[in-house]
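In the block that follows, a single chain appears as structure tokens, in the form predicted alone.
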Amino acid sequence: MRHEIALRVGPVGFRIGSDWGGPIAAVRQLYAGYPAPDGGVPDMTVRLYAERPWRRFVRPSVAISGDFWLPDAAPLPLAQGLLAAEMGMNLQVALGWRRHLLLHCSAVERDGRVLLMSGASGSGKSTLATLLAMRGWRFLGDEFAFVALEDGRIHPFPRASSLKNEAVAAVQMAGGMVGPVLAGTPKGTIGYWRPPVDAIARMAEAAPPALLLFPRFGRPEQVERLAASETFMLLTQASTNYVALGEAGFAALTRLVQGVPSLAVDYPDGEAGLRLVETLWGGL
């Protein structure tokens, strides 16, 4: 690769290489202040490349690969190179990480305990995690929760929060700095919110989970307690490596659903969601 950067986010060291300088410059700016991989050796490699030599110059498009890749993934325009890098990092972790149980969750921490939020795209978990972090909660991540196999603690993975469409304006209206903003992506408009300095400095500090929420945005306010068996099934669908981990993954997920209360939460707007989260957290 002609251009590259190495950085660590939580427990994962990345090496990102590219045929073009633009995507690497964008990653370097967004992740300024993040440390290098432990010992200088990355765990995972992301490659951003032109599928044909002339596609570096003629309608340049960015294909994504690395240690793992998806053969039918469509390349992105060069102007969306930062999104390609982010998608590449997600892809490597989702398909290759085996040291923790991975859950597709956002996570924030207060008073040494972690709130996990899981749900489909559009449920509001990234927006809620970002808004809570802006109100003093420690931001642990908006994409993956890393559940330790030995003790169930949640390890931070504080990437830049990826906000989609209306969430960009919601965070900006709450006073958050969002940028860069990429319009016309396959996911609509994407804006990145950079975690506070404290969240980056403390990304080696794990904490135990205390509450698991399944939020759903845009519905009348409602709270429903979920049985452990139902939560277990939902989280197997939210995990990218539960099957690959075998018995260790089963034990870690069982410990989580038996030890942490789980609630389905409907809320009509961001302010109502924040109020509901604070109320539920205060009742623990």
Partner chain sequence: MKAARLLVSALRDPATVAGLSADDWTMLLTAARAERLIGTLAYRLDMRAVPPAVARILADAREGAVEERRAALWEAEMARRALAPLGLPLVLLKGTAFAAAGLDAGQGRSIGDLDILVPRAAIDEAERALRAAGWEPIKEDAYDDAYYRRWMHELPPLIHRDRDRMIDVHHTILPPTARPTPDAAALLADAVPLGDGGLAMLSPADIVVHAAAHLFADGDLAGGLRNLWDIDRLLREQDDPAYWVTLRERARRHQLSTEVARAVRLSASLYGTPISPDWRGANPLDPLYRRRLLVRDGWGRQGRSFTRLGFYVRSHWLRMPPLMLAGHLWTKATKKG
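On a predicted model such as this, the values are computed, not experimentally measured, just so you know. Residue numbers count along the first chain shown, from 1.
Although it is not shown, the form predicted together with its partner chain is what the next lines describe.
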(message) Only one of these stretches, 62 to 70, 26 to 34, 212 to 220, 231 to 239, has heavy atoms within 4.5 Å of its partner chain in the predicted bound form; which one is it?
(response) 62 to 70
(request) Spell it out for me: taking its partner chain in the predicted bound form, does every residue among I16, G40 and R98 have a heavy atom no farther than 4.5 Å from it? (result) yes
(message) My question is simply whether L245 lines the interface with its partner chain in the predicted bound form - judged by any non-hydrogen atom within 4.5 Å.
(response) yes
(request) Flag L284 as yes or no: does it have a non-hydrogen atom within 4.5 angstroms of any non-hydrogen atom of its partner chain in the predicted bound form? (result) no
(request) Although its partner chain is absent from this view, report whether R47 comes within 4.5 Å of it in the predicted bound form, heavy atoms only. (result) yes
